[in-house]
Ligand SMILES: Cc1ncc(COP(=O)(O)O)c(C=O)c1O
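Only one chain comes next, encoded as structure tokens, the form predicted on its own.
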Amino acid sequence: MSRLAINGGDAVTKNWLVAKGLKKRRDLERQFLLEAYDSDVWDDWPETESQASRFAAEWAEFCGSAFCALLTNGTHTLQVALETLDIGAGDEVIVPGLTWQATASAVCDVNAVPVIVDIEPDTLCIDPALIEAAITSRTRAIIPVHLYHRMADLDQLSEIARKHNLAIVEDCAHTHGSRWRDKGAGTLGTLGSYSFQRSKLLTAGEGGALLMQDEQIYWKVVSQRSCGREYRAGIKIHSGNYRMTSLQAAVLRGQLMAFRENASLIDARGRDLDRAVDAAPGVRSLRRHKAITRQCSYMYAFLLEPQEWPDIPATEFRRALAAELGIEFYSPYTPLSHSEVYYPHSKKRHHLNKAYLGSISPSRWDLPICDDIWQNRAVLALWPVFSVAAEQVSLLTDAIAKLHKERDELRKGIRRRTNHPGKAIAALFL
């Protein structure tokens, strides 16, 4: 008789996500949204009192930032950050190979060249040891991504940036509320970029924010998001309209009220999950840098030790673990070198010349660590996993241990599914 749920046996639990602990303030979201509606101030106009101006001030205070500007989304924040720094044609920007395509696409969209660097195998963030070799006389900035369940090494990155006179634009789309040496993510670089897209820890469906500590940079960003208007004498940049609405900001204000309490709970539950993984055979948690004083994450990630799972692909491990716990587990992003959503050479606006087109071709980059993590090692769960009740966390250990013990059964099930005659028949019609 089968013991594994994926093969018809009993699951460790039918629904691991017994939500406890994380708070919501839907009442405040509705209250602020109605206040925004009734005010007739639905946009975000500089120096005008609105739900947007209030959220910008509150988000800056929460992160410990001198300034915050709200924008349409986390892709435009990266583009506007680069243009604010006068980065464009002839410049290079270093980005990690494992990230959402926007990190690199924003570089292309200002006509600069994204130089793609491999990652650390135990944090999944950009590897500082590989950055110096990638720096040339054209390098202007580094965009480290605080990916999934870890922050990039801001100590080493800051040292490299000072040495080579480079800007740092922190991509914080995954790490709302995280802190490095008690400083908020997004405040240690020149600018910090946030996304409020639907899957993030704080969301208004879409939306973004830029943090900065320099007032002149702030007014350059404000000019850019507002059609290039000059709000301070001599500070303006030709641009388009990248303003968030006050209706979106109102929802975010309500969520931030709850998140002030949730952040420490997410950090604590993440540590619990790490301990649960490390107590199980054949897997390990990501390395957490000692400088991370609070880790809030878009997804929880851990790693398979492939030698412990012979002939069991990571895709099949994720499926089997999902069957045991009743929630979905995911693969990481496809590395940028062959991502299904990163193909800038297909867009005519990037056909500046043959040399530029060649420089932005994703296939020019070799990213062995990214490829190994993607194909063989990473297992991810979306951020609601941090709402698992404390007494339920150990079920992750139990489920992984069960799969490890029953590896022979798991392999047999994989072979049955792979060799099912229906597969061959279906293939004839594809």
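Start at 1 and count along the sequence shown; that's the residue number. Fair warning: this is a prediction, and the values are worked out from it, not measured in the lab.
Just so you know, the form predicted in complex with the named molecule exists too; it's not on screen, but the next bit is about it.
- Within 4.5 Å of some heavy atom of the named molecule in the model of the complex lies at least one heavy atom of residue 100.
- Residue 174 belongs to the set of residues with a heavy atom inside 4.5 Å of the named molecule in the model of the complex.
- Although the partner is absent here, residue 145 lies within 4.5 Å of the named molecule in the model of the complex, judged by heavy atoms.
- Heavy atoms of residue 73 reach within 4.5 Å of the named molecule in the model of the complex, making it an interface residue.
- Just one of 189, 184, 335, 207 comes within 4.5 Å of the named molecule in the model of the complex, counting any heavy atom, and that one is 207.
- Contact annotation: of the candidates 245, 239, 123, 197, the single residue with a non-hydrogen atom within 4.5 angstroms of the named molecule in the model of the complex is 197.
- Proximity to the named molecule in the model of the complex, taken as heavy atoms within 4.5 Å, picks out 199-207 from the listed stretches 335-343, 111-119, 299-307, 199-207.
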